[in-house]
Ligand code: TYD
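Listed next as structure tokens is one chain, alone, in the form predicted on its own.
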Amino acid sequence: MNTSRFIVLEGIDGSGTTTQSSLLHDRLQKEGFTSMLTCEPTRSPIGDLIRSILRTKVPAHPETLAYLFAADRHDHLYNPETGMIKALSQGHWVVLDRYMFSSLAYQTVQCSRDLVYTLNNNFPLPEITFFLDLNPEISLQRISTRDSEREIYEHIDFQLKVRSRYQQVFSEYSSRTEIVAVDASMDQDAVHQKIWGIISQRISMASP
């Protein structure tokens, strides 16, 4: 499986993963590449259920949520019509806002580490993951300005734990996939230019 065009953006809530994913996708298309922009949870029925749980509209045990994320991710990858694997096999770029690393960072706060790692162990790794690192106090200041509903993870104690777990997870995976930490406290254009600089260099190196 060729994952050389598989890019993931990760970070705590409010770090800008959604904004930067969209900017990268738009830049790739502007440069003439076919790009698939997507996110997790997905917009599928499973993803919609996850969002309802995160917004406290549907009660669920934390381990149930871990299983749902894994199921949503599996379909996201392998769905024969809309899956990321199909897009990658067709030579498209795939820009993904959150992936298995989110599960390893978020769900291990409330669930067994062994369970969460087992559920996500066999998913293919991206070529590169950008970790948008941000102080949780700044992230929550950003979240407070949003019009959207607050989610169960969006409080300081939880985000501090998630940031620490992200750092641990990326330390564990650094020998298996490329991890690039980006200071997400910079303005969004500076963050985008940092990300695009790395991706454009890869494109140049791959060009004949």
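This structure is a prediction, so every number in the text was calculated from the model and none was measured. From 1 onward, residues are counted along the sequence shown.
The same protein also exists as the form predicted together with the named molecule; that form is not shown, yet it is the one meant from here on.
Relative to the named molecule in the predicted complex, residues Glu63, His74 and Tyr117 are all farther than 4.5 Å at every heavy atom. Of the candidates Arg55, Arg27, Lys161, Arg142, Arg55 is the one whose heavy atoms come within 4.5 Å of the named molecule in the predicted complex; the others do not. Of the candidates Tyr153, Tyr67, Phe33, Tyr173, Tyr153 is the one whose heavy atoms come within 4.5 Å of the named molecule in the predicted complex; the others do not.
Although the partner is absent here, Ser103 sits close enough that one of its heavy atoms falls within 4.5 Å of the named molecule in the predicted complex. For Phe130, no non-hydrogen atom is located within 4.5 Å of the named molecule in the predicted complex, even though that partner is not displayed. Glu40 belongs to the set of residues with a heavy atom inside 4.5 Å of the named molecule in the predicted complex. The stretch that touches the named molecule in the predicted complex, counting heavy atoms within 4.5 Å, is 106-114, out of 121-129, 106-114, 77-85, 134-142. For the partner-free chain shown, just Asp13 of 3-27 comes within 4.5 angstroms of the named molecule in the predicted complex, judged by any non-hydrogen atom.
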